[in-house]
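First, one chain by itself in structure tokens, the form predicted alone.
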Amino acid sequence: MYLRIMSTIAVAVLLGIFYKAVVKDSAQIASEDTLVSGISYPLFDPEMAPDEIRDQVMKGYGIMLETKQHLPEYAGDKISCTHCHFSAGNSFGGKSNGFSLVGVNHKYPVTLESGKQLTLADRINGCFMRSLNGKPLPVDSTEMKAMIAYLNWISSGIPKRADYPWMGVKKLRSNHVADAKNGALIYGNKCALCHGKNGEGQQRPYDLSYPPLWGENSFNDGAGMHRPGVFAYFVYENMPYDDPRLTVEEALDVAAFVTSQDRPKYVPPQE
């Protein structure tokens, strides 16, 4: 047993040395490169950000991973950004990679139909008020600047364009009529082990935690995840975690069940 453990440690050390050896200057560092719908782009390691922004990038990275721990006065539930944006959004999206945030900084600001301009900080605060059931960060705060610095860094390997195929929510194609009762059975068999019988989740270190899906510690009814179509798409692409195998119909049923449960009400901020 001792020899086996030591062999494992030795392999890990060698892999770490190999990784450091192949890394080039920080402007070109990528953990991986892939081709998505004809677009090749890298994933940039936040620890390899240039010296002048590394501390800020790492602070933003930490907030993405453990939002409540870093900002308890602004995050009202027990959900962190990384619970929806796997790997803190630094992913290729698609099956089992959550909602990617690579390129999100290039999509803002946007002008709404009302004529109002929505900035990236506004969009982040929308998540704080809805998905995190909390309140908005001051846009000039060190935490907001850190989150934007992090998003800028992980998006620095791709050009600006109108749309990125790995981002956003796609409509699941099915004529199936969602059945919340069947969704409850599926939830009990395939989801409750991690997220709890009553949707309460499990709070552990960020890489092992499972967010609450309803109740007072979950996202409120103004969050995108409260919309059955959004929830179903996320479940179909990503659940069970690291082994997505639900059918479209099962995902739609689970979404109907979870979004029908009690959760906090969204209260718009006072003007």
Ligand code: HEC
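All residue numbers are counted from 1 along the displayed sequence. Fair warning: this is a prediction, and the values are worked out from it, not measured in the lab.
FYI, the form predicted together with heme C (HEC) isn't displayed, but the following is about it.
Ok, Met239, Leu43, Met48, Met58: which has a heavy atom sitting within 4.5 Å of heme C (HEC) in the model of the complex? The residue in contact is Met239.
State yes or no: in the model of the complex, is some non-hydrogen atom of Asn90 no more than 4.5 angstroms from a non-hydrogen atom of heme C (HEC)? So Asn90 does not count as contacting heme C (HEC).
Indicate whether heme C (HEC) has at least one heavy atom within 4.5 Å of a heavy atom of Ile158 in the model of the complex. Contact check for Ile158: no, nothing within 4.5 Å of heme C (HEC) in the model of the complex.
Contact flag, Val139 vs heme C (HEC) in the model of the complex, heavy atom cut 4.5 Å: It does not: once heme C (HEC) is placed as it appears in the model of the complex, Val139 has no heavy atom within 4.5 Å of it.
According to a 4.5 angstroms non-hydrogen atom cut-off, is Ala184 in contact with heme C (HEC) in the model of the complex? Flag for Ala184 set to no.
Going by heme C (HEC) in the model of the complex, which residues of 93-126 come within 4.5 Å of it through any heavy atom? Residues within 4.5 Å: Phe99, Leu101, Val104, Lys107, Tyr108, Leu120, Arg123, Ile124.
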